[in-house]
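Before any questions on how it binds or moves, here is one chain, the form predicted alone, in structure tokens.
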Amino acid sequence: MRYRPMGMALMAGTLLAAPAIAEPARADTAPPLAAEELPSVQTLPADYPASWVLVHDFHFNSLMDGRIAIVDTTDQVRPLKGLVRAAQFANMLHAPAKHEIYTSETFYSRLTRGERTDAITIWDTATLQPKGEIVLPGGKRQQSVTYSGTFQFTNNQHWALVANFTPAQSVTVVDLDGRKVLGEIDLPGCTHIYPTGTRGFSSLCADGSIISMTLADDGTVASSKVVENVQDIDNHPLFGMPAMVGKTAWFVSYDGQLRGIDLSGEFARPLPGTASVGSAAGGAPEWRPGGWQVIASDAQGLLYVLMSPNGREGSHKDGGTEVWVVDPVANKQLRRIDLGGVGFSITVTHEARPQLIVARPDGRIDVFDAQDGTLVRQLGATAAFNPILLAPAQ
């Protein structure tokens, strides 16, 4: 093939001539752009509306770049209102009365290697800027796919409890107001943190028991108690993240049994009696709970459980296609909500007419009327890459 420079010259001439033709048209028809003042910073309301939710975006493609998305579930066009960073297997807490969001995070001096720093970062809910941090000693903070039970409040939100795993298990007690670490409590064989009483916590243990600890003024253990046979680990293991109705934690088992534990006193008290999510035909082989955040509650004390028709041994993380609404006190299944696809995590807003928020495996977030089960709107996947935990803003 012979090289023909004329073609190149023609192309270059065309490109060079184009601005000369287009420039007068732009000047004649386009108004000048208004000058933009810098810096230009907007803020959110310090008190988030009841329709807003906090979405933990675990961001599996870049774990060091996780984030907490503040999402308006009523805005189908621009639901994402802001982000705070939540680095490397982070956890999240929200204190509406303090106008603060807390993230427990891990950083490395060389991004993915080097010196490790664990810290609690304190964010302002209006500006989404960091207000401070508390460095956690020892490089012990549990790094796992996020659970609500690895970072919790106690002592009326003045303290935080951080789960550690080295693989020895322990809990670090942190004074949020004083911005300091109070101490560490050994917790061998037990996991997840459930705030208990005024100043204490409980944890589920590998032998099926639950242990409760009350804390002294200095953060040390003042007293403790173990209750045996709270769950049947071999036959009816419980999902670790419960739905709270007041001070009662409602757990659901892999096969749909419900277990209520009263956490209002100094020590955990399992409720008497039995309850379940109920049953339905059409399972292949049977309906079972499935997903990550599989149970939620509303202000009336009803439970919402994410259910899969393909329930079997080992299906508990597969997600579900329906949400079953249950009255745990009456032990009665009230209604079923068809999600029109697979959901992975759920929560319920604390509005006068509550909304059921469903996170999909593809990142989409759907909003349902929690009372009649109708699909209200779809927020798409614009708010988060991998929404894994959902928390109502109020």
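Since we're looking at a predicted model, the values are computed, not measured. Note that residue numbering follows the sequence shown and begins at 1.
Form predicted in complex with another copy of the chain: not shown, discussed below.
- Relative to another copy of the chain in the predicted complex, residues Arg67, Arg113 and Gln129 are all within 4.5 Å by at least one heavy atom.
- Partner contacts here mean any heavy atom within 4.5 Å of another copy of the chain in the predicted complex, and among 294 to 302, 262 to 270, 104 to 112, 90 to 98 they occur only in 104 to 112.
- Looking at Arg179, you'd find every heavy atom of it more than 4.5 angstroms from another copy of the chain in the predicted complex.
- Within this chain, Asn156 is remote from the site of another copy of the chain in the predicted complex, having no heavy atom within 4.5 Å.
- Another copy of the chain in the predicted complex is not approached by Ser276, whose heavy atoms all lie more than 4.5 angstroms from it.
- Contact annotation: Lys247 falls outside 4.5 Å of another copy of the chain in the predicted complex, judged by heavy atom distances.
- The contact with another copy of the chain in the predicted complex, taken as any heavy atom within 4.5 Å, belongs to Thr117 out of Asn310, Thr117, Thr198, Thr74.
- In the predicted complex, Thr166, Pro167 are the residues of 155 to 190 with at least one heavy atom within 4.5 Å of another copy of the chain, listed from first to last.
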